[in-house]
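A single chain, nothing else alongside it, follows as structure tokens in the form predicted on its own.
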Amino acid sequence: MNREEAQRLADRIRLLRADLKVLETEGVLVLTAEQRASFDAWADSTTTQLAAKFDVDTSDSQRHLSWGLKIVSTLGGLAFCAALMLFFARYWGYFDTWVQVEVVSALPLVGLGLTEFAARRERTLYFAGLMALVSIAAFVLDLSTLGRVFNMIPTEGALLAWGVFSLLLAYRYGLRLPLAAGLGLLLAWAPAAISTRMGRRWLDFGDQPELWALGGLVVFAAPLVVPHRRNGDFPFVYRVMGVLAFLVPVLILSTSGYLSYLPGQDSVIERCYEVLGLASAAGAMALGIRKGWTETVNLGAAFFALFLFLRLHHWWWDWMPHYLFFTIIGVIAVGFVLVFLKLRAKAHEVAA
């Protein structure tokens, strides 16, 4: 059992206690004194063991504080990364070449050492996550500086190295933010490498939305093929990154058909990608509902609304009064709300 699984068990126990109290108050289910004592003893013992071993949150106030700690530690890590970059940008020219090489080579190792030190002494991994971000920034600074010092031509290989380094940190310590950073870097490296093989500059990887979309599909499917028994919360990151990496490029292509590899008129390509975007967003919602992936449902719904707005904009904006256009958008939104409410009611009937 990892910390995420332990936290879910602690949450179930807390909710079960609250539900039992409500049921007893309403007279639906009343436990005997012996049963109540047995349940309380089991619940107290289990939550105490989980708190001692995994440092889980056993109350609502602790969960709120944990979210605050995650936000603060992330902001702190980003602040240290910015400070590191700005410090060297300010004073780097005063150092000799050999000092520059030794410093940037040692920084990632120092960051790794501090990350390991923090992880061994703090089970919640807030400080470890902070130091992991600093380690990634130091490694980025390391390769960038060494390339300038030795007058090396920048290549897409740096993106691969940074991405792999981030993923190693993520899987070593079970950290989701380095995982997201690593996946983002690998998603950038793939189109850059393919662009280079096609004779283009690797720095133009941002102008290859179809390659990004293919990478998004791979990332989304990865946790379906490779199980994450140790890091049960990692598939969430894969799904979010995969959906964004697929639907954002499709959204771009629906308005900028000239970026596509497909032959044909730009307007036709844009219409095709609008249809693909609507279908993909609807599919993401359906799959998310079926699998219980809340983040996939929410992202699918958001992008479905965006693609629908673009389609209606192309149909009506130029010839319809703008106030009437937005009125129709509002009416359509109300219609979707009613449809979703009916689907929700049917889902309750099936569950009953």
Partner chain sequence: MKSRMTLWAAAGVVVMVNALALLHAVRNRAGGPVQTVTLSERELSWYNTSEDSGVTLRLNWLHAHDQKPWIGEDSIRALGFNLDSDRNEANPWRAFRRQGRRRAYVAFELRRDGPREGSQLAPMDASREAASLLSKYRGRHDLVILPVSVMPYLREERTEDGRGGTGRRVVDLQFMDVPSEIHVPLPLAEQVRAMKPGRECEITLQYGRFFEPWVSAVRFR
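No experiment lies behind these values; they were computed from the predicted model shown. Numbering follows the first chain given and starts at 1.
Beyond what is shown, the protein has a form predicted in complex with the partner chain; the following relates to that form.
Enquirer: Among 72, 83, 226, 109, which has at least one heavy atom within 4.5 Å of the partner chain in the predicted bound form?
Expert: By the 4.5 Å heavy-atom cutoff, the listed residue in contact is 109.
Enquirer: Quick one: of 212, 127, 236, 171, which gets a non-hydrogen atom within 4.5 angstroms of the partner chain in the predicted bound form?
Expert: Only one listed residue qualifies here, and that residue is 171.
Enquirer: Suppose contact means a heavy atom within 4.5 Å; in the predicted bound form, does that hold for all of 120, 199 and 266 with the partner chain?
Expert: Yes.
Enquirer: Is residue 139 a contact residue for the partner chain in the predicted bound form, using a 4.5 Å heavy atom cut-off?
Expert: Output for residue 139 is yes: heavy atoms within 4.5 Å of the partner chain.
Enquirer: Heavy atom to heavy atom, is residue 189 within 4.5 Å of the partner chain in the predicted bound form?
Expert: Taking the distances in the predicted bound form, the answer for residue 189 is no, it never comes within 4.5 Å of the partner chain.
Enquirer: Just to confirm, residue 165 within 4.5 Å of the partner chain in the predicted bound form by heavy atoms?
Expert: Within the cut-off, so yes.
Enquirer: Using a 4.5 angstroms cut-off on non-hydrogen atoms, would residue 101 count as touching the partner chain in the predicted bound form?
Expert: Yes, residue 101 is a contact residue.
Enquirer: So if I measure heavy atom distances to the partner chain in the predicted bound form, which of the stretches 140-148, 278-286, 216-224, 177-185 falls within 4.5 Å?
Expert: Stretch 140-148 is the one.
Enquirer: For the heavy atom contacts within 4.5 Å of the partner chain in the predicted bound form, list the residues of 204-219 involved, in sequence order.
Expert: Those in contact are 204, 207.
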